[in-house]
Each structure stands twice: as C-alpha cells, then as structure tokens.
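First, one chain by itself in structure tokens, the form predicted alone.
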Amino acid sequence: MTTSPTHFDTAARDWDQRPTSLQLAAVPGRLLARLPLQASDHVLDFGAGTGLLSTAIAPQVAQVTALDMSAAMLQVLDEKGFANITTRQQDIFAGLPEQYHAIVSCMAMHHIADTAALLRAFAAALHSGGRIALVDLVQEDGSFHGDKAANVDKGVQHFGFEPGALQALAEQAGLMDIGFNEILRVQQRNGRAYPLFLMTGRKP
C-alpha cells in the first residue's frame, strides 16, 4: 500500500530555502556550544529532515544516524554527500538497532503525540552518560504554523511545550540534569516572534 505524500515529502526540495529554515540555520552552532561531543561519538538526529543538525555535527563525530519518517527529506540529505551520515527512514517507536552517545533534535518533538513515550525512547537509546540536546517551541497558541488547517496538514501534535512540564516528563523517563535555554526567536509571517528552547540533559 502506498501512502500519499506528506507535507514534508512535497516540501523537501525547497525546505532549506524556506524563511523558517533560513532562521533555524543559527541553531546548530548554538546547540553545539552546549553539547560536548567526542570524535568517536555516534549521534542520533531525531526528525533529521534535510540535515540541519546532522550536517553540522558530522564533521565533529564518527557517525550520525539521521532518523526521519519522510523519504523525500532524507533523499535531500543523502545528496549532500556526507560519508558518515546514515539516513534511516522509520518510526522511532519501531526500535533502534544501537545506542548513541547523544541524541539531538530540532523542531520535531511537537509532531509526536506521546511526548512521554518519546522521551523514554530517547533514554533507552542512549549509552550511560549519553546526552540530549533538543530544540522546540516554547508553548504557543497554535498560530506558529498558521491556521488550524495548517496545523493538521503539518502533523502538529503540540503547540510547543511548557518547560517545567517537559522537564518532569524527561526526569520520569530517567534523564537528569535537565536544563533549558532560549536558543532562538523565529519570526513568522504574522509578524510575531516565537521563542525556541534548547533542552539539555543526560542519562545517568
């Protein structure tokens, strides 16, 4: 059975040129400033898309696994030609074949309905001492992606997150030393600026 192309599949070719993507280009450097990595590390990029984070991290580590549900987005990433980025099209809840020294993500968590289960999956996929560095929207009123129809079309499950509630879920998942920093404010066509947080933490 073939599924119809998602919003992300149809948008993949022009994704990196979107106004929001151009603003998000500031994220990798700021994230990496707060994520200690070793040259031998294997990093998982959750909801990797066309590789905003993967391509910035790859030169600093041994291996990046770029996980996404959209084949078209991962195709764009593959074409960027990074030898140590492995793309993987699957649902994270289908199970991962290995463990990672760090898990990163940018603007993907709000597309997953069960945040608690997602954080448990992250914790399970980390080596002992492994770290998370996750970027997403601070709780907003649903206007970031446009109107109600746009939220449905884009698979939005959460209008951002309240940091305290997210920290509680992360700690329940077995993560610790959870911290939050505002990493960027994204200007949208409605004239508003929406803050994004970077949540960091580690597995004991």
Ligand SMILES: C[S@@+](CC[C@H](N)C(=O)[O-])C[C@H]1O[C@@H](n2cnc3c(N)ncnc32)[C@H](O)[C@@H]1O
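Throughout, we count residues from 1 along the sequence that is shown. Quick caveat: nothing in here was measured; it's all calculated off a predicted structure.
In what follows, reference is made to the form predicted in complex with this ligand, a form of this protein that is not presented.
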property	result
Contact segment among 44-52, 57-65, 165-173, 29-37, judged by heavy atoms lying within 4.5 Å of this ligand in the predicted complex	44-52
Non-hydrogen atom contact H111 with this ligand in the predicted complex at 4.5 angstroms	yes
In the predicted complex, V76 touching this ligand (heavy atom, 4.5 Å)	no
4.5 Å heavy atom contact, V138 and this ligand in the predicted complex	no
Heavy atom of I183 within 4.5 Å of this ligand in the predicted complex	no
Among the candidates L119, A125, C106, I85, the residue which, in the predicted complex, approaches this ligand to within 4.5 Å (heavy atoms)	C106
Joint contact, F8, W15 and Q90 to this ligand in the predicted complex, by non-hydrogen atom at 4.5 Å	yes
